[in-house]
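For reference, the chain that follows is the form predicted alone, supplied as structure tokens.
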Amino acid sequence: MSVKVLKFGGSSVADASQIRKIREIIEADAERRYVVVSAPGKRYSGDSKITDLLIMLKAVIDNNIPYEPLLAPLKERYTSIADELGIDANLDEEFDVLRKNLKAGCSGNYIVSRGEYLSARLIAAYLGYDFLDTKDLILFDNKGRLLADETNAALSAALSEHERAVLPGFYGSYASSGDICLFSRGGSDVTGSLVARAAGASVYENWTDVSGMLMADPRIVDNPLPIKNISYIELRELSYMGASVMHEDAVFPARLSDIPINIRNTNQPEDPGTVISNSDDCEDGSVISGIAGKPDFTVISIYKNMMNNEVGFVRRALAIVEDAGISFDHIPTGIDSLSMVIASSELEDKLDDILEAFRVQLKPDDISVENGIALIAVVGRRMNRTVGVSARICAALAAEGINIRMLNQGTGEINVIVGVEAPDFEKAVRAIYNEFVPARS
């Protein structure tokens, strides 16, 4: 029998009514055998996510403030879910263990991980599944980098001993010490992908509160079309610009084993959602798959006569940025010029030091800095087989009176990056979308 791995996000486990939906989804398909869960999210506007409460608990402890007042609402949240579902999840015992570890000076990572741990304990009891802790199964090196092969071996061995199981997302442990190590926020998506790879799953279903991905941000474009199918590489391009409903690192484990990812809606399980795979098929024939962008970049332009003849110039420029701990997004170049496009948030208070290092080490003829540049990524598998895509983008923007500050097509020819002034960002996204997506009747 094929195996399906499911991951349910915070909104899907926020309360008892949502968890009942989870059981209906799981019981609808006998192949759905392994379930990864997040910590409970918000139940309503103004509510708190459990993870945020645990981060607050950690801060209270770090500042030597009494923490018992915070434990009460945490326990109440889980207890109310257990009571409504009519299950005994041994919560008194679990919170006694938590108190004991808090008094013993447990790590902040341990504290924050309890959201997923308790969620998985509770849901395993409700489903009648085994509970399988990811602490000693998802392994990291001393720098917090995932040990992919070791993790896959440990998870595969553990899963083989359980017909059906619920696992907590978001955390594992340092291989050398056994101490809890966390993924970045949203990391339960990665856990689900790792479990899917280890289980040899036929599909990884990522259940959330939206019915897959949309071709553009609905806050910018009214009622954008859904994306039915998208390749892993397209997803990465769009995710980089912020258009994703899942953690972008979740792609890699599934992609290694050619496991499709299906983004589904817990509240509308009949919707097919978005399928992410290695396939290059594009059923609807669209030239583009999606549009995404970010509005706040800074462009540092360096000018130097005969730059092209100066061996190592670009390497030295990049080394300066690397030494400052900054990543760049794009590097448009000319014969005598080099520009670095960097997220403004990356620069913060480092800009002056970087400019001084450029002046001293590169001895340029001139340096200019321009803030308020927006980047828009237009992504699609069919773009590399379609003539005139860039021309259509330029024409659409020109028709709206939008000046293009940068235009760059990747060597893979599945994306075009357009730079415009930040005030034109949303208008530019709409113009490009309307150019490539037929209007609905």
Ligand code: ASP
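Everything quoted here is computed from the prediction, not taken from an experiment. Note that residue numbering follows the sequence shown and begins at 1.
As for the form predicted together with this ligand, it is not shown, yet the points below apply to it.
Chemist: Residue-level contact is defined here as any heavy atom of the residue lying within 4.5 Å of this ligand in the predicted bound form; does residue 379 satisfy this criterion?
Modeler: Contact check for residue 379: no, nothing within 4.5 Å of this ligand in the predicted bound form.
Chemist: Is there a non-hydrogen atom of residue 187 within 4.5 angstroms of a non-hydrogen atom of this ligand in the predicted bound form?
Modeler: Although this ligand is absent here, residue 187 would touch it in the predicted bound form, with heavy atoms inside 4.5 Å.
Chemist: Whether residue 297 contacts this ligand in the predicted bound form should be assessed with a 4.5 Å heavy atom distance threshold; does it?
Modeler: The answer is no: residue 297 has no heavy atom within 4.5 Å of this ligand.
Chemist: Given that the partner is absent here, does residue 415 sit within 4.5 Å of this ligand in the predicted bound form, heavy atoms only?
Modeler: No, residue 415 is distant from the partner.
Chemist: State yes only if every one of 39, 51 and 116 has a non-hydrogen atom within 4.5 Å of this ligand in the predicted bound form; otherwise state no.
Modeler: Looking in the predicted bound form, the three residues 39, 51 and 116 all sit within 4.5 Å of this ligand (heavy atoms).
Chemist: Which of these stretches, 31-39, 391-399, 59-67, 368-376, has heavy atoms within 4.5 Å of this ligand in the predicted bound form?
Modeler: Every other range fails; the passing one is 31-39.
Chemist: With the partner left out here, which residues of 158-183 have a non-hydrogen atom within 4.5 Å of this ligand in the predicted bound form?
Modeler: The stretch touches the partner through 170 alone.
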